[in-house]
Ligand code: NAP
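The data below hold one chain only, encoded as C-alpha cells and taken in the form predicted alone.
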C-alpha cells in the first residue's frame, strides 16, 4: 500500500515508521524541507517534500497536522489526490472536522489514533507507538464502505485496537478522558502557584520543593503544549463545557461534604471513584 502522510510530527512520523516496517511505501509532506530530509534519514518516509505532488500515487492519505489546520490542509491536498484515494485525519476532535472535510471528498473518513506523548516534532516519532492502542474511526451515513475498509487495513497494519462510533459521541467521550483533564490539570497547577497575599509566597516556594510523584502525575497534561489545549477547547467546545460543568458539580459535592464534616458521604464518594478507576486505566 502507498500511503501519504501530511505532517511529519510525532504522530505522522510514528505512523511512517510502522507502515514502512510493514512494507508500505510512505510519501511524506511537511512545510519545512529540513523536516522532510530528517524524516527520510530516520526511515519514516521513502521520500518527503514540501509540496503535494507526490500524493498522486497514494492509495491512502493521512492528515497529521494540528486540528486548527486540518480543513485548510485538506483543501490544499485534495486537488493532488487520485480520484479513488481515501483521505483521513488523526485529529482528536471529530465533529467539526468531519463536517468540514466530508463534503469536500467522497472517500473521507474521520479517524483518531489515541496514542502519543507530550513531545512534538519529527524527532519525537516512535516505532510501535500504536500497538494495542485505541484507534477510533467515525464514519457517517455518507461514508463510502471502501474508505472504511482502507482505514481498517491501516489499523490492522499498525496493530491498533479498532473502535467505531459517530463523531458526536467520540467528542463527548474524549472530553471526559482527554480534553477535560487538560483543563482540570492546568487548574491544579494554577492553584498550586496562586498567591493572594505576600505571605503565600513562602507557601508556594515550599510546595514547589515538596512536589513529588503525585503532583507530577496529576499535573502532566496541564503542563503540556498550550496550543493543543486551546484547540481542544475551541473545536470541542460544547462537550468540554459539559465535562467541566460536571467536574465542578463533583467538586462542589466534595466541598460541601468537607465543610459539613460529612465524612461518610466523602468516604462513599472516594470508594466509588476507587472502584471505577480500573475500568478506565487497567
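Positions refer to the first chain, counted from 1. Remember, predicted model here, so these are calculated numbers, not experimental data.
Separately, the form predicted together with the ligand exists; it is not shown, and the next lines address it.
In summary, the region of this chain contacting the ligand in the predicted complex, judged by heavy atoms within 4.5 Å and restricted to 87-95, 202-210, 151-159, 165-173, corresponds to 87-95. Mapping the unseen interface onto this chain, residue 30 counts among the residues with a heavy atom inside 4.5 Å of the ligand in the predicted complex. Not displayed here, the ligand is approached by residue 7 to within 4.5 Å at the level of heavy atoms in the predicted complex.
Heavy atoms of residue 113 reach within 4.5 Å of the ligand in the predicted complex, making it an interface residue. Proximity of residue 38 to the ligand in the predicted complex: non-hydrogen atoms within 4.5 Å are absent; the residue sits far from the partner. Interface residue among 70, 239, 44, 48, judged by heavy atoms within 4.5 Å of the ligand in the predicted complex: 70.
Comment: the ligand is not present in this chain, but in the predicted complex one of 185, 120, 126, 143 has a heavy atom within 4.5 Å of it, namely 120.
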